[in-house]
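The chain below stands alone, shown as structure tokens; this is the form predicted alone.
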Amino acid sequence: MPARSFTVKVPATSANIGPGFDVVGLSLSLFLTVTVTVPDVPADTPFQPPTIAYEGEGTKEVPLDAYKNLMTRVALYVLRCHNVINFPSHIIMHANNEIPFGRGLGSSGAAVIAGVLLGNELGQLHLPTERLLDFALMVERHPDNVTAALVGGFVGSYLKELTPADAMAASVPLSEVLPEYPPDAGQNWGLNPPVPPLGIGHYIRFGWSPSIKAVAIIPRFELSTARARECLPTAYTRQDLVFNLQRLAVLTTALSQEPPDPNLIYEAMKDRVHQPYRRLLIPGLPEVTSSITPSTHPGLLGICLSGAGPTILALATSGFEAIAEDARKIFRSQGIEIDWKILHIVGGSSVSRM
């Protein structure tokens, strides 16, 4: 097979967007970019696993062993589900990551989507978008981040109610989907992974006003999604669920209108399902979301926790610096420093061949 090169590019994402807990996601202009070279190696050359170089966010945390790295483990899962036992030999990967780890901006979802696209491209499988999403959902069990990362824009998604057999196949432990590779694992270790059922997740892209940008207010500490989920209740009152459903029904259309209505959007971005319970994990969160308003900061439309946090996302048409710097003052009063970025809403993941 002749030598070839390609680049996989996956955007950051913000999930929940106020009342849309585990339902909506937004793709943002920070990227995980992976350039891959597949050399033309003689058939009798001994196999050499992928070589991974990595720079950017998370450099000290990301394993460079292809059998331990999340992205390449997902790629191998996709390949093995299509009877391709291993990576091509001697491939070289260079990853450049702009997405902060553990900040609620979809770093793990981006790695999963990059892995799915990598496996699809290495195996030349030509999988449609819907099938790529199935593989992503076998690894990342919540659809909001991975769907937004894959298809881009402002996206709503849900998990389909499956038949009992498909439900069992889709809910196998992650340890079976992405098994840990022991040091002495050979090329034939971990074969026959669980193949995802067809059509696990479904989605729709909503409209988005081109005048709206996102200010990501990023505290300088990490918060794991698992820890942020542990603090959530197992049941909610009807009143709180109706509160969120009413606002989500309005928000999905309000963010597409031009010009955007700050009074409509600010109220529609309030939440009673996850933000109130995470406030103790993120000092300053209640003060930022309640004191930075359209009346105090012209141009602001709405403000919410990004994913599980600790990043706070402010949607605005202007006044970006004032929003961010006033948030900085609030966080600093809690002993927390922040970084902030103005981000655009972008399209989904791409693969470009060279």
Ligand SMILES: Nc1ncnc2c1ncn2[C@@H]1O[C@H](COP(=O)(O)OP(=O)(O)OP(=O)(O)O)[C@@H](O)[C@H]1O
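Residue numbers run from 1 along the displayed sequence. From a predicted model like this one, the values you see are computed outputs, not experimental measurements.
The protein also exists as the form predicted in complex with the ligand; that form is not presented, and the subsequent description refers to it.
Only one segment in the set 64-72, 38-46, 281-289, 318-326 has residues whose heavy atoms sit within 4.5 Å of the ligand in the predicted bound form; it is 64-72. Contact check for G307: a heavy atom falls within 4.5 Å of the ligand in the predicted bound form.
The closest non-hydrogen atom of T147 lies beyond 4.5 Å of the ligand in the predicted bound form. Among residues of the shown chain, A111 is one whose heavy atoms approach the ligand to within 4.5 Å in the predicted bound form. Contact check for S107: a non-hydrogen atom falls within 4.5 Å of the ligand in the predicted bound form.
Screening G102, P88, G201, G152 for any heavy atom within 4.5 Å of the ligand in the predicted bound form leaves a single hit, G102. S224 is the sole member of S211, S256, S224, Q246 with a non-hydrogen atom lying within 4.5 angstroms of the ligand in the predicted bound form.
Taking the partner from elsewhere, every residue among L32, Y54 and N97 has a non-hydrogen atom within 4.5 angstroms of the ligand in the predicted bound form.
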